[in-house]
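Below you will find one chain, with nothing else, as C-alpha cells; this is the form predicted on its own, and questions on how it binds or moves follow later.
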C-alpha cells in the first residue's frame, strides 16, 4: 500500500516535545502504551539483535521519587540555560522545561527505553552502534503516541542520578537507561510545524563547508 505523504510528513513535522500541554489528569491506558512499544520495537537495531527493554512507571510513589531526583539534576541545567539565553525562543524552551520539572511527579506515566549492557570506555563506533540500536525505537514510540493523540517529551536529566533511579526501579547496573519520556494526552487540537533552518543551509555536498545553499 502506498503511503500518504501528506499525512506521514505532517506526523514527522509536528511530533513535538510536550510539556505545558500535557494533560496530567487523564490516565493513559497501559494497552495503548504497549501497542506503541510494539510498533517501536520494529525500529532499526544493530545486527537485528533484540537487546532493548522498556519500563513503564505508573506507581505514584515511584513517579514522585524519580521526579525528586530529576529536579535535583534539572536545577543546574536551568541555571546554565538561563545564563546562555539570548532570545525569546530559548526562554520559552527553558520555561517549558521548568514547567515539566515542577510537575514531573504528576505525569500519567513515565516510559524508559533500556538497552542491555553498558558502553563505558567503548570506542566511538561501539557507542554509535549501541545507542543507534535503542534511540530510533524511542523516536518511533513518540510518533506512535502522537498518532494516537498522546504527547511525550524526550528528556535525559534523570541520568545524572541513573544509579539511584535504577535502584528505585530494580534495574540491574548492567543495563543502560537511554532516555526518560513522560507520557500523557495533550491538550489542544493541533501543532504547528517545528521551526528549523532549511536543509540547504545545514547540509554540505562532498566536503565540509560546501554548503548546499551555495552550490
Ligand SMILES: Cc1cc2nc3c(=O)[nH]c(=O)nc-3n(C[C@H](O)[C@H](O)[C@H](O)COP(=O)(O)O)c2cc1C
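Residue numbers count along the first chain shown, from 1. None of the values given here were measured: they were computed from a predicted structure.
One more form of this protein, predicted together with this ligand, exists but is not displayed; see below.
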query	finding
Contact flag, residue 157 vs this ligand in the predicted bound form, heavy atom cut 4.5 Å	yes
Contact test in the predicted bound form: residue 207 vs this ligand, heavy atoms, 4.5 Å	no
Residue 138, heavy atom within 4.5 angstroms of this ligand in the predicted bound form	no
Exercise: residue 97 in contact with this ligand in the predicted bound form, heavy atom 4.5 Å	yes
One residue of 45, 175, 57, 153 in contact with this ligand, assessed in the predicted bound form (non-hydrogen atom, 4.5 angstroms)	153
The single option of 93, 128, 119, 116 touching this ligand in the predicted bound form, heavy atom within 4.5 Å	93
Residues of stretch 6 to 45 in contact with this ligand in the predicted bound form (4.5 Å, non-hydrogen atom)	16, 17, 19
